[in-house]
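Quick setup: one chain, the form predicted alone, written in structure tokens, and binding and motion questions come after.
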């Protein structure tokens, strides 16, 4: 079984999920290559080789500078055919969720999304993914000739295994795009993406308004964490949508998830239930979040969070 790993990148920088999927592929004991699609991507040979990718193919064209769903889908599908790959491995990120189904449709391939466990079972893959808002876990085996699999970020650790990567750069003809990206407007520079963060501090309706969000941001900064939000906070206009965690937002799997003033609606739990450790701060002892939390603090967040900030600043 030959695996082709799609290397996700943004603004010329390779994303963490790429290294996680390379580390996963190494554990499967199957031959694999890494596919990079774009124009200028930094440190391909050094970074991919650092995590154990010996074979890298770079499909390059100036018109591929910015991600375009239909254009990238055709390039990736072409690469799967040319490299004679049996499995296309991607991240279950916003890009993977957009690109994966398009490639699967072109290749007439079966697809499993948002997998939290991947292993070899005989000569096929055994895949596990959550379903029904995380209430059950389904075991899936794909039987099509070509398979497309997306893996949830932070489920597998990116482990280094330095090798000398061989990069085969191929100048490709850009497809006739149906859509063209003219401009990308980014959020705050240097802001951690919740899907890649090892620690997340999220706030909900209990924050009472955007004027109190500095507590979430201060605590996150001291912990080296990303900031997240519940759907209620986003719908109220307190926080941008790229911070929303949940079924209609982003799915996260950090080592530590701190839920501040979040009641724990099933839609939110579906997006963070696979976190390694969950800490809930809520003054309602019957809040659903406590059923999932590893540690719970039943108290007013406006008493607890400032004290946490003070203790961290004091080095405790």
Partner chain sequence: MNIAVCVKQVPDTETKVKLTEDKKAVDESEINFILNPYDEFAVEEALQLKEKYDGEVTVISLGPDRISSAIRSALAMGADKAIHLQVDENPQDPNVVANALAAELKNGGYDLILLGKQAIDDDHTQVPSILGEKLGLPSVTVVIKLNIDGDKVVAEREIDGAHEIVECTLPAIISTQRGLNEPRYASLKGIMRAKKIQIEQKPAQLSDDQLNIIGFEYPPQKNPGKIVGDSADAVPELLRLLHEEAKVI
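Numbering follows the first chain given and starts at 1. Since this is a predicted model, take the numbers as computed values, not measurements. Whichever C-alpha set is largest while still superposing within 1.5 Å between the two forms counts as the rigid core.
Quick note: we don't show the form predicted in complex with the partner chain, though the next part is all about it.
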> With a 4.5 Å heavy atom cut-off, would you call residue 58 a contact of the partner chain in the predicted bound form?
Replying inline: no
> Going by a heavy atom distance of 4.5 Å, is residue 205 a contact of the partner chain in the predicted bound form?
Replying inline: no
> Taking the shortest heavy atom distance, is residue 276 within 4.5 Å of the partner chain in the predicted bound form?
Replying inline: yes
> If you check in the predicted bound form, is residue 63 within 4.5 Å of the partner chain, heavy atoms only?
Replying inline: no
>> Please pick out the stretch from 80 to 88, 206 to 214, 101 to 109, 160 to 168 that is in contact with the partner chain in the predicted bound form, where contact means heavy atoms within 4.5 Å.
In response: 101 to 109
> Judged by heavy atoms and a 4.5 Å cut-off, are 26, 51 and 253 together in contact with the partner chain in the predicted bound form?
Replying inline: no
>> Under a 4.5 angstroms heavy atom criterion, identify the one residue in 247, 45, 30, 39 near the partner chain in the predicted bound form.
In response: 247
>> With the partner left out here, which residues of 131 to 150 have a non-hydrogen atom within 4.5 Å of the partner chain in the predicted bound form?
In response: 131, 132, 133, 134, 135, 136, 137, 138, 139, 140, 141, 142, 143, 144
>> After core superposition, I'd like to know whether residue 255 moves between this form and the one not shown (criterion: C-alpha shift of 2 angstroms or more).
In response: no
> Superposing on the rigid core, do we see a C-alpha displacement of 2 Å or more at residue 265 between this form and the one not shown?
Replying inline: yes
> Against the rigid core, is the Cα displacement of residue 234 between this form and the one not shown at least 2 Å?
Replying inline: yes
